[in-house]
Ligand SMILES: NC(=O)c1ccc[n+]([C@@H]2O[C@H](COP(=O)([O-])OP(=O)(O)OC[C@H]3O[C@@H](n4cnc5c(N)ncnc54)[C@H](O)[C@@H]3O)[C@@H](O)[C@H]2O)c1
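Here we start with a single chain on its own, the form predicted on its own, put down as structure tokens.
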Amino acid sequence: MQENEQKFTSGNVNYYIGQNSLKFLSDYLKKINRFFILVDENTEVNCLPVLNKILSKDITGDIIQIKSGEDNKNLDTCNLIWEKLTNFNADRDNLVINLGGGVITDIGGFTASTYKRGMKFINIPTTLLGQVDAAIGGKTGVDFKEYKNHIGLFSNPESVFIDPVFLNTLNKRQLRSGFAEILKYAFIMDPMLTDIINNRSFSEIGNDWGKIIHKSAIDKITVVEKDEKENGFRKILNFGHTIGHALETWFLKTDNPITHGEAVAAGMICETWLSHEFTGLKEDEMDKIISLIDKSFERIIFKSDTFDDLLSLTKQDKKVRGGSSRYSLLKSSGEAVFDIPVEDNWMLRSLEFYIMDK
């Protein structure tokens, strides 16, 4: 695939990336007998009109609305979606369009893949986080009790349509959340992306969003091509996520939940410090990485009396093997390694570093 290519196929997934990429959608849907559009209350108001304006007037789908937010990415919401599909008499030849951010594409892909043993779906991510990460790679699923993405399966969409037009529907906090995943690609594999970012915060990107989204999406696709089921190399994408997911889950139970990107940004700072201690990341590289994260993300406030809870949450991480937590860390800026065992006391020390190093 070329960096400026707008339409291409990787594996069995068709990707349409860039400004006006939704122009391909009408012809695609004309081949579909019937389709359903999964939205939440926000994307129905802000994003569905954008989509309808692009579609031909004779192309319409039935709407299924769920409540927004990570706390609604659960089996109760799955039941609602399955019930709606059943009431619509949906069959396996129909299509589900997931129009939204990571919650929509995660739960939409999961419910479509399990309804009558599987119906087709496509992703139209409307958040920056969805466009560079969540909508790509075939990971679908839901949270279970307090554990993030605890139930799910790998199931690829038919197509993914990534159009920056939807960034206009995001508030500042949502946009910043997606920037954490972009920084992750720069740190684990893509010095060219680091050059494009050029030490800027997310609010200073200006007109470069299209270029950055395209580059980041291709980074994710490239990794998935090499390791679709996360048996090895794909694990580098988990940098910042072991501790990040624990923080996200813990704050979800409070009156002040944090976004996925805010949690991952904090996780990347902790795991950058661990990289200096475990995998040879030089101190000056560590300082530059942490400084770039701090330019866009304020430090999350939590106290040491939460450390044990956070440690317990990491024990439910999917990368735990034989009771040992395995981390994806940085060998150098632009190069990651995976399956690095980290003992509990070192994880706790990384949290201490995070709250003290300000």
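These numbers were taken from a predicted model, which means no experiment stands behind them. Sequential numbering from 1, following the sequence displayed.
The protein also exists as the form predicted together with the named molecule; that form is not presented, and the subsequent description refers to it.
Shown here without its partner, the chain carries 199, 276 and 334, none of which come within 4.5 Å of the named molecule in the predicted complex through any heavy atom. Of the residues given (203, 222, 79, 169), 169 alone sits with a heavy atom within 4.5 Å of the named molecule in the predicted complex.
Scanning 183, 136, 162, 281 against the named molecule in the predicted complex with a 4.5 Å heavy atom cut-off leaves one residue, 136.
In the predicted complex, none of the heavy atoms of residue 95 sits within 4.5 Å of a heavy atom of the named molecule. With a 4.5 Å cutoff on heavy atoms, residue 101 counts as touching the named molecule in the predicted complex.
The named molecule in the predicted complex comes within 4.5 Å of no heavy atom belonging to residue 262. Remark: residue 52 does not count among the residues lining the named molecule in the predicted complex, judged by a heavy atom distance of 4.5 Å or less. Listed stretches are 262-270, 85-93, 114-122, 70-78; the contact stretch with the named molecule in the predicted complex is 70-78, by a heavy atom cutoff of 4.5 Å. Looking at 13-44, the residues that come within 4.5 Å of the named molecule in the predicted complex, counting any heavy atom, are 40, 42, 43.
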